[in-house]
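Single chain ahead, written as structure tokens, the form predicted on its own.
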Amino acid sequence: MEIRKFENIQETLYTDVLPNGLTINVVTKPVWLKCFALFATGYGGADRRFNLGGQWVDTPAGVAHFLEHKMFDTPDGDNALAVLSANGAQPNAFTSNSMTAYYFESTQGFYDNLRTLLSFVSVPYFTPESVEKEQGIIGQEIRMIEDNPGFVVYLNLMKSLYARNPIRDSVAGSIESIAQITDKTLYDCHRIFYNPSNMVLCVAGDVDPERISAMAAEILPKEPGEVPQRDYGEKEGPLPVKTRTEVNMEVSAPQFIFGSKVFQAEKGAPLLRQKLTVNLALRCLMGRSSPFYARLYAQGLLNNDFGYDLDYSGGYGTIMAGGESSDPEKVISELSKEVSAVADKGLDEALFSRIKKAAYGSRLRSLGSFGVLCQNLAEGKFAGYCDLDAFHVLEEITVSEVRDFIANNLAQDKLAMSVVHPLH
């Protein structure tokens, strides 16, 4: 087991790679009462076409999310969520475009709960009847989110940015796509993607790393599986497919989201540096302490719900920002002016220094959120880097790197915008 001490942040990371290929990351937190465990597979909504054993396999949209729902069923009729909850844990799961994760937090019975987590995620149990029942349940969920303005404005942006990449479709799929899912589909995708070579276990708390590693080796399959190659389709161009998408729904004020796509850096250290650079760029350009946000907030064009995000999946990074505004077109026009000014004159050095310190402090505080810590470690594993290295990489990023990123990736021709207008 490898032990890395990060003196700059006073954290210790224990890493083990089992003979079956599973990576285990444990951050020990002495004297803390709570413990957190996250068991994740590098399989998400975008992973619909893949090569296994020399053969290409195509699956309908929504399989990863459907599989997440069904994994809590067990052969003895129990529901793993109920078992974990009864033992004092707070369990849950999520599916993104790039990852499916199962996790729990507890202050007691940690090792019993960890055994339950590892057991139910590694042993699938599906029947044609249970799949048919779940199709009805997820179908209702899909209908609900399709009526949600926040979901509609997001999905319309993705369809505006991408021509073919599967991230332009909902992670949950559609009524039509989930109707194609069978128990065989789920068993096949579990066998392919839920093999230990394609998974990571991340734990934070006052725990014994050696005991965790031994438990995983005992419960999980002994042999490594083949990690499939993904195919996200023909490479996308740098410009959006469509610059504007507008619809009308039951909202009290226009909701908008704009964004651009980023060509992903090589996995490992270059990708970590790119992610941190993008985060600094967004903070400098449109964060709460930026001149852009302060000016538009004072003018009543933005309010407290304005925010931004960065998602890496499907082989691309996607920048998104939005909220409510009486005049979304004015917002994006003002942003474009801000980007042009940065490209021409550079970033204010004092602002960059403050933003960089704030970003470091924010990341340092997040170490106290075990869920965020474990999720970041899992994402880093699948992207080829250790997330705890972010602190020293962040210190190395220069103002010119951030300025160049803003000028090259957020110019007006790179942006698409999606708007949901009120019906009246």
Partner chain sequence: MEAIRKKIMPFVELTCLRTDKFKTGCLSVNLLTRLSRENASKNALIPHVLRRGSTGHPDMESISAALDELYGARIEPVVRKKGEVQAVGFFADFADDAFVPGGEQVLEKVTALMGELLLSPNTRGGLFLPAYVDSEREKLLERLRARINDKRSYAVQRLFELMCFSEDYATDRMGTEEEAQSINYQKLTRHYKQLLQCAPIEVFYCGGADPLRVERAVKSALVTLLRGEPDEDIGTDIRINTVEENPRYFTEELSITQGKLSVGFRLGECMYNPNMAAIRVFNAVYGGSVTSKLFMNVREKLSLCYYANSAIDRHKGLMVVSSGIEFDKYDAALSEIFAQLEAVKKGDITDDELAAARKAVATELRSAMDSSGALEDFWLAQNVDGLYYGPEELAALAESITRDEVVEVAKGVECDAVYFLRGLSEEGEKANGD
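Numbering follows the first chain given and starts at 1. Please read all numbers here as calculations on a predicted model, not as lab measurements.
Omitted here: the form predicted in complex with its partner chain. The next part is about that form.
Only one segment in the set 156-164, 116-124, 263-271, 299-307 has any non-hydrogen atom within 4.5 angstroms of its partner chain in the predicted bound form, and it is 299-307.
Heavy atoms of Gly233 never reach within 4.5 Å of its partner chain in the predicted bound form, leaving it off the interface. Although the partner is absent here, Gln108 lies within 4.5 Å of its partner chain in the predicted bound form, judged by heavy atoms. Its partner chain is not drawn, but in the predicted bound form it has a heavy atom within 4.5 Å of Lys29. Although the partner is absent from this view, Lys184 stays clear of its partner chain in the predicted bound form, with no non-hydrogen atom inside 4.5 angstroms.
Annotated contacts: Gln10, Lys357 and Leu367 all touch its partner chain in the predicted bound form [non-hydrogen atom within 4.5 angstroms]. This chain lacks the partner; the member of Val251, Val241, Leu335, Ile219 within 4.5 angstroms of its partner chain in the predicted bound form by a non-hydrogen atom is Val251.
In terms of contact with its partner chain in the predicted bound form, the residue from Gln180, Ser130, Gln140, Ser340 that brings a heavy atom within 4.5 Å is Gln140. Of all the residues from 86-100, those having a non-hydrogen atom no more than 4.5 Å from its partner chain in the predicted bound form are Ala86, Asn87, Gly88, Gln90.
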